[in-house]
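One chain comes next, on its own, written out as structure tokens in the form predicted on its own.
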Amino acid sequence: MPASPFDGLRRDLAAAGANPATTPWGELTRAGPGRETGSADVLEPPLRHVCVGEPEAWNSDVAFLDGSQHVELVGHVGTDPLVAAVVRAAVRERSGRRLQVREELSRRVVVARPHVLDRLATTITGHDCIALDASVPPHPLHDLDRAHAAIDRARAALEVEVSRSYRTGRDNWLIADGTLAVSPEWATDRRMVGVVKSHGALPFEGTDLDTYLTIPAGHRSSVFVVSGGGRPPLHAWGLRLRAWEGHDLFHGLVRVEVAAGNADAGGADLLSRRLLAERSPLATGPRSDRLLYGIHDVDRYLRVRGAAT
């Protein structure tokens, strides 16, 4: 982690008995799709900490899904920006101890206002074109934000497409990096798990929020319902992969999501033990405390593929 002008303050906080923060500011100020801060419906009341037991390896093949995007502002037509991106998605399956690519897709996209895409039609061949809503008044910075959101959606759509291809003829568990709320297919797939590493929004308030944020290592929260935005409801719980004491409240904390009806107490405990087993080997990077190795492996593969093109 690069040096910060507040490193001294963090040390002083630790000496005073507080927990210095290590989670990047951007993760805490960016809300996830379809998530609202509030009081979720708890299916195992009251909201509490549940010890899930010792890590337990999967007893069958398991696959991991992730996507990536490389985004650049490549130019302007007048003051209107043209944004380009390469989005990728892949599924790598572990059979025994070996991880192999089973499905992979990539797509080049450009995002701009419709008149920009029309003007550059012969220049941007080979790219999928995404037109911004022309009814929204032009603004170069706001258009960049909207372009990034459009690319996020393009990446999510590619991940759904890859998962759909992988699912053909297969029924083993598929672990996705992120929320299952991006797709009704995912939200109703009873052999799929979403592992959400970011906490731009939280499901509880008051004392329940205190309970949720102080889950000990190797424990989960009670199962609760996540719904909103017209999406199918999901069952979810917080799971602490690694101890947070001495770090910050979000260190090692993930939200696990499965299809509604797919997480009774025994099922949530079993999936949690299996996810705890995925902490090893240790992933590297700024969010390694919340990163399963299988997801890290897909991410690393996609980075290598991106560097080769």
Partner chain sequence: MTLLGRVVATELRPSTPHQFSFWTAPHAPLGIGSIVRVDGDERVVYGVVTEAFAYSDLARPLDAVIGADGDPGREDDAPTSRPEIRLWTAAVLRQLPEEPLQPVPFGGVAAASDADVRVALRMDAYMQPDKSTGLPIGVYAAGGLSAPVFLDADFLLGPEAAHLNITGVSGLATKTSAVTFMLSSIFQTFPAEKGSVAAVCFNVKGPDLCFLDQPAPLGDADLALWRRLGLEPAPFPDMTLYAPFKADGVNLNTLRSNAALADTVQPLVWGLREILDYAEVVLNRDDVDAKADALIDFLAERVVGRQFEALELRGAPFEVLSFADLEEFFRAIFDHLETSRGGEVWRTHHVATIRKIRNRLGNIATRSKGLVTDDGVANDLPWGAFRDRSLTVIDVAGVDPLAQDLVFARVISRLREHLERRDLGVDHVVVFVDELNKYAPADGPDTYVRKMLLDLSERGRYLGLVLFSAQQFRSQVIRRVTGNAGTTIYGRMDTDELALPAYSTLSPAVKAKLAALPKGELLLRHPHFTQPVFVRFPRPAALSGREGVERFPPSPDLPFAEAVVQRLRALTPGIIADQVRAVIDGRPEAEVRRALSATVRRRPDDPFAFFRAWVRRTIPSESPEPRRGIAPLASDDDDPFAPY
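Numbering follows the first chain given and starts at 1. Everything numeric here is computed off the predicted structure, so don't read it as measured data.
Not pictured, yet referred to below: the form predicted in complex with the partner chain.
- Of the candidate stretches 43-51, 259-267, 272-280, 65-73, only 272-280 contains residues with a heavy atom within 4.5 Å of the partner chain in the predicted complex.
- Using a 4.5 angstroms heavy atom cutoff to the partner chain in the predicted complex, none of R102, L302 and R305 count as contacting.
- The contact residue chosen from H235, H127, R119, R94 relative to the partner chain in the predicted complex is R94, the criterion being a non-hydrogen atom within 4.5 angstroms.
- In the predicted complex, the partner chain sits within 4.5 Å of a heavy atom belonging to P55.
- Interface residue remark: H296 is counted as part of the site for the partner chain in the predicted complex, having a heavy atom within 4.5 Å.
- For R242, a non-hydrogen atom is located within 4.5 Å of the partner chain in the predicted complex, even though that partner is not displayed.
- For the stretch 103-129, the set of residues having any non-hydrogen atom within 4.5 angstroms of the partner chain in the predicted complex is empty.
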